[in-house]
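The form predicted alone is given below as one chain in structure tokens.
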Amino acid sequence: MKKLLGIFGLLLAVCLFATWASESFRSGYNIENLIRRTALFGVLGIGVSFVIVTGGIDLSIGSVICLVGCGLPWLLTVQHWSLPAALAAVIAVSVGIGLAHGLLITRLRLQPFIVTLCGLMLYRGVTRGFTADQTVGFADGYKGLRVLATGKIPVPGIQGFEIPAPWAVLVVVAIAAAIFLNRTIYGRYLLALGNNENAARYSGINTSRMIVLAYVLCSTLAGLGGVLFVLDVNSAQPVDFGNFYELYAIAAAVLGGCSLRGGEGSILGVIIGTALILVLRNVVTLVTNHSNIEFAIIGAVILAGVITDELVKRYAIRRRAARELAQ
């Protein structure tokens, strides 16, 4: 709870500074855009949080987004698949990628970093191959589908301000993820696995199955994110679509309280961390006019989160040791 209050206080402080520093920040258009982007990246952050909770990492999220985001319009407009078939195909691919990652990590004992780093290069390369590096997009007949990402929900009593539709998707995903992680036995298994894998295994938990589940959830939500992102922009270029999105997701999860050591995680914290990352990015663009340093900020945020996590862990260990000596 202290971590959540701390990150939320930091978010409020950054928002207050941005409101003071730039009139454009508090415009309705900018606020709606921030809410939409927070929702889109929040889905990715929730997905990677399941993997981080187990002590793993997934670097392939951006390439999965590229594969799904380019694959869906390619199947619809180039291959002329029906909408249900195309959606089923990209969902199946997303689930299959997570399953493959989990099995390679648990069965062959490969490092998650290596497996997902290879996936990062493989999936984008495959996408560039079947699209021939050409931009793919939706035809006019799919405007109804795009409402899922571009639609707006009116707010009663507030004229001129509407909540972007992706926020509703994020709320559904976040509630389901929070219930799964905190209210089901499988979520507790994931947390136990992250705290101590050997102890979890000796207590009867099928740790291999839980690791596979974590990577399947991460990849599936990355696929959902890919669908939402491409619906939002209407077209995608396989060379750079989804580039570095895994950094936003990992930074949001770490900043939101997910320990890279595993065993800790908060879905609400991930959403707040996502909002903070995007507000910082927005402030850099509006106040300094130097959007090209946004990755420097993300890198600094990840480093700050890791340092803070390490210092908190050391403090907790020293405090526990002092309490044991006192007894």
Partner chain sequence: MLPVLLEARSLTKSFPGVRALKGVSLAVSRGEVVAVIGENGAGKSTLMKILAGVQIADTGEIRIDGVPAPLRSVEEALGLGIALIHQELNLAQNLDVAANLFLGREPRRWGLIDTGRLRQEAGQFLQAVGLDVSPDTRVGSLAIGQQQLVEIAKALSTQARVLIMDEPTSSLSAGEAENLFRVIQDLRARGVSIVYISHRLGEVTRLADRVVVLRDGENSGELARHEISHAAMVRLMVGRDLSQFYPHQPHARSETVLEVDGLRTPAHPTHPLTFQIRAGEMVGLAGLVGAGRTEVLLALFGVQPAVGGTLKIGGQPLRAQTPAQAIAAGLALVPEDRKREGLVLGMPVRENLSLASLRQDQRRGFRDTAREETLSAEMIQSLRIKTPNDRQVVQFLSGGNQQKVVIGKWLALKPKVLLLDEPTRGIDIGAKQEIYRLMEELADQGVAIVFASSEMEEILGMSDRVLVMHEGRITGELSRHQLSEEAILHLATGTASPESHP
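Residue numbers count along the first chain shown, from 1. Bear in mind the structure is a predicted one, so any value in this text is a computation, not a measurement. Note that the rigid core is defined as the largest set of C-alphas that superpose within 1.5 Å between two forms.
Keep in mind the form predicted together with the partner chain is missing from the figure; the text below concerns it.
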property	result
Contact flag, Val155 vs the partner chain in the predicted bound form, heavy atom cut 4.5 Å	no
4.5 angstroms heavy atom contact with the partner chain in the predicted bound form for Arg201	yes
4.5 angstroms heavy atom contact with the partner chain in the predicted bound form for Leu191	yes
Contact of His80 with the partner chain in the predicted bound form (heavy atom, 4.5 Å)	no
Whether Leu260, Ala300 and Thr308 all lie within 4.5 angstroms of the partner chain in the predicted bound form by heavy atom	no
Among the candidates Asn234, Asn243, Asn195, Gln237, the residue which, in the predicted bound form, approaches the partner chain to within 4.5 Å (heavy atoms)	Asn195
Residue (of Phe130, Trp167, Tyr186, Tyr142) lying close to the partner chain in the predicted bound form, criterion heavy atoms within 4.5 Å	Tyr186
In the predicted bound form, segment of 251-259, 176-184, 226-234, 212-220 with a heavy atom within 4.5 Å of the partner chain	176-184
Within 28-57, the residues that have a heavy atom no more than 4.5 Å from the partner chain in the predicted bound form	none
Core superposition between the shown form and the other one, C-alpha change of Ala316 at least 2 Å	yes
